[in-house]
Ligand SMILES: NC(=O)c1ccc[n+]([C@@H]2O[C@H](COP(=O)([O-])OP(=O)(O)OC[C@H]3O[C@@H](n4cnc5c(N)ncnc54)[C@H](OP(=O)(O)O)[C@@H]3O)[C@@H](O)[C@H]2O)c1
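Take a look at this one chain, the form predicted on its own, written out in structure tokens.
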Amino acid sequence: MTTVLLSLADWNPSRWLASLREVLPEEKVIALEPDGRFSGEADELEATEYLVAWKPRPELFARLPRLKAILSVGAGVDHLLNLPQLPQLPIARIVDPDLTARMVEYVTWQVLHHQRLGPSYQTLQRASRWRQLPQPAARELTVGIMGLGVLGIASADILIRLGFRLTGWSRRAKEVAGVVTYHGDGQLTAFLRETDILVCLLPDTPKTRGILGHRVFSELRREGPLGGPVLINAGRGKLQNEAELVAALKDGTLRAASLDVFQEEPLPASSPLWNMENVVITPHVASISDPATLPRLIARQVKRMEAGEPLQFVVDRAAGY
């Protein structure tokens, strides 16, 4: 019998455990408590062949001598790749229509919020002022997406249908229908200078860490109909230099920002971002893994490997995603 271990640092594992047992009825599925405790027998951990994980404790791997593969329950895998004791085993990420749809919803919501002048109207509402503002059309704005993976391409598709001009930037050259694409460091400036609303969906890698800083903000298009550029970061918190981000929001380099991820989470109460009227803060909810849908994908991966087939969506450790 194959043993599958569930380790979820921030979530109650009960729903995940029930769902995984339902889709893997012939396997033994066990779970750690959110604090890392295990109430079963030590030999159950030692028999584990598959780890289904979100932010596992690094010392856990020493207790799993028979481990074959690690399955992330999120689209991102930086929570695994940054661990100091990570074994040299296959790591698979989640690619799921539900996760994609949730991210597309978030990106579309925030782009429309800024295009429809949401921050300005919220300021007027707080002052009890009735004032109609000149409304730019979607076709007048260019949305630039950093990161043209599954999530970026799906978000671009919806925004194109709404009438926005779309550009995209990635590390490697890509062709995406309806999107003017740029790639590599040499084309980053050209991409930024066309962008009114910058949507960041990049992974956290050594090359992308801190990329959202003064250099990027200062290159964004300034003469657009919004009166300045907007940042939407639903990628990873370590992509943004928050000191430079705050400065850019204060001095007008950035007109506004929507932020779902942060360098430190939860975002400390002392962060100046909380009290900035031109900032929308959401608590890392752009695309949350659903225990009602994702266990089927995890079960498919386990069954593939047990049948001698390769895992899908295996992470390239050198690239970081």
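Note that the structure is a prediction, hence the values are computed from the model and not measured. In this text, residue numbers run from 1 along the sequence as written.
The following text describes the form predicted in complex with this ligand, which does not appear among the structures shown.
At the 4.5 Å threshold, heavy atoms of H114 stay clear of this ligand in the predicted complex, well away from it.
This ligand in the predicted complex is not approached by R165, whose heavy atoms all lie more than 4.5 angstroms from it. Looking at R131, you'd find every heavy atom of it more than 4.5 angstroms from this ligand in the predicted complex. Looking at P119, you'd find every heavy atom of it more than 4.5 angstroms from this ligand in the predicted complex. Shown alone, this chain has one stretch from 198-206, 120-128, 223-231, 246-254 that lies within 4.5 Å of this ligand in the predicted complex by heavy atoms: 198-206. Put simply, of P90, P136, G149, G210 only one has a heavy atom within 4.5 Å of this ligand in the predicted complex, and it is G149. Only one of R193, K174, H79, R215 lies close to this ligand in the predicted complex, with a heavy atom inside 4.5 Å, and it is K174. Across the proposed site, L99, H284 and S287 without exception bring a heavy atom within 4.5 Å of this ligand in the predicted complex. If you take 246-271 and check each residue for a heavy atom within 4.5 Å of this ligand in the predicted complex, you get D260, V261, in sequence order.
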